[in-house]
Every structure is written in structure tokens, then in C-alpha cells.
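In the form predicted on its own, a lone chain appears below as C-alpha cells.
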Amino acid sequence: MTTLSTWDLAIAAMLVLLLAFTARDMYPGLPRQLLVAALRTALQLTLIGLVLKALFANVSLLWVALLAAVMLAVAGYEVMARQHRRFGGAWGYGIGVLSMFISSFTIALFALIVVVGHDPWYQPQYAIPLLGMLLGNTMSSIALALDRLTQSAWEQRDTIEARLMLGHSTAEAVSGIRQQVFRSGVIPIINAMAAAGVVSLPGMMTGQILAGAPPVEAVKYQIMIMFLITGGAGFGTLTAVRLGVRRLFDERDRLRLDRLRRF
């Protein structure tokens, strides 16, 4: 595997700087967002690299669990921050965290214990990257779905309330919205599976090949990861939509858009 120097990374970073400079007049707010995101990427990945180096040298279930909890907490915040209208109070944060915990953590444990079967099952070399990929993709799907759910409920509030007045249940009143919301959450994963190997080479497979792994073995791992991500994103989105729909109504089946906050 070819070792990259700091100068190599600096050359790659020049592309981000060039993009920010080019877009400064057309999109005044974009350059700052690009530069902040690039800086966060460099700092966060450097930090996690140092943390993983320490974890690899001292394998401990406690430290792996602690890092996993931090990853989940940050992912929950990112889900909340990406929504134009979100639920107020603890629900705005809790729906994303609970949905990702139920889906991503369960599937990660299943994969580590049953599919990978490494001893110990919490080996950081496998546990942290696997959980990270599951959380990252599930986070994006849940954020898209919840944002679409709250926005659609706000825009179609008159239609929903009219259906409730006609005697429809809450599930029937939002059935069309719920279908579209779930589709918006999982369509990126479906597109990724449909294009894998034909349009694009997924990241994990590419990384393993660059590291010198046999292509066929890299393909096997990538297929496993794609299926796990699909399960995590799908079940996570289902859970988030179910919780979100429940939160939109009170115990008397009244639409409660006052529970939403605009940001």
C-alpha cells in the first residue's frame, strides 16, 4: 500500500480551495460551508485515526462501547440538525437516536457475532468501521425521511385534518405521506445497490483493493456491507417514520403541528 504524505493530502485539499474560490461570487455562503466541512473532515478523521490506533493496541469492550455511544450521540444530533422543521423538546433528538440504536446497533451486533464471527466479536478493527458505515447511511436515510415527513405534514395539514373529520384513522390520514416519506429515505440505498459494480465501485471495496486485498475477497465484503446497510437504513427509517407519525398526533387523534419547530 502506498503511503500518503502530508504534501499529498495538501494537493488534494487544493481542489476544495479551488472550488470555494470559484463559487464565491455565484454562491456567497457556500465557500465558508465548504471550508468548514473540509476542516472538520481533516480534524475528525485525524482524531478517530488516533483513537482507533489506541483501541487496536488495547482491545477493550468498554472502550469500544464508549466510542460507539459517542458515534450514536453525534449521529443523533446530525439527524436533528438536518431537518427544516423538527419536533420540539427531547423528541427532536430522541427519534433519530432511538431509531438508529434499534436498527444499526442490532444489525451491527448480528453481523459481528454471526456473519464475521471474529473472536472477540468486539474487535475494534471490525466493530468500529462496520458500525460507522451502518450509522452513517442510516443517519442519512432517517434525516431525509423525517425532514420529508414534517414538511409534508405541514404543507398538507388541511388535507390531513379533513380526512380526520371524515372519520379516517391517523394511519389512513397520512398513509400517502408515509409511503412517500419511506421511499425518500431508502431510495438512495436502492440506487447505490443498483449502481454498485456497474456505475461505481463502493468505498469499502475500493479501499480494500487499494490496500492490496484480492478483488474477489473485497467484493464479498462489499456485498455483505451493502446488504447490512440496506437493512439498517430500511429498518431505521421504518422506525423513525412510525415514531414521527405518532408524535404528529395526540392521544385524541388530533394533528399537533405545534409540536414542530422551524429552523
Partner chain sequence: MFQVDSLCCVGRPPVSFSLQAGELVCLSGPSGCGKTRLLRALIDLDPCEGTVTLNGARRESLPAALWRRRVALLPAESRWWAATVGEHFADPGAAPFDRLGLDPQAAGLAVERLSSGERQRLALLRVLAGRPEVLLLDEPTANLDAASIERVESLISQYLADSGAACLWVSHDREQRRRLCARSLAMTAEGALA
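Numbering follows the first chain given and starts at 1. In this text the structure is predicted, and so the values were computed from the model without any measurement.
Beyond what is shown, the protein has a form predicted together with its partner chain; the following relates to that form.
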- Query: Is there a heavy atom of Arg254 lying 4.5 Å or less from a heavy atom of its partner chain in the predicted complex?
  - Reply: yes
Given that the partner is absent here, does Val114 sit within 4.5 Å of its partner chain in the predicted complex, heavy atoms only?
no
Is Glu161 a contact residue for its partner chain in the predicted complex, using a 4.5 Å heavy atom cut-off?
yes
### Query
Looking in the predicted complex, any heavy atom of Met165 within 4.5 Å of its partner chain?
yes
Here the chain appears without its partner; judged in the predicted complex, the stretch of 90-98, 166-174, 104-112, 188-196 with heavy atoms within 4.5 Å of its partner chain is 166-174
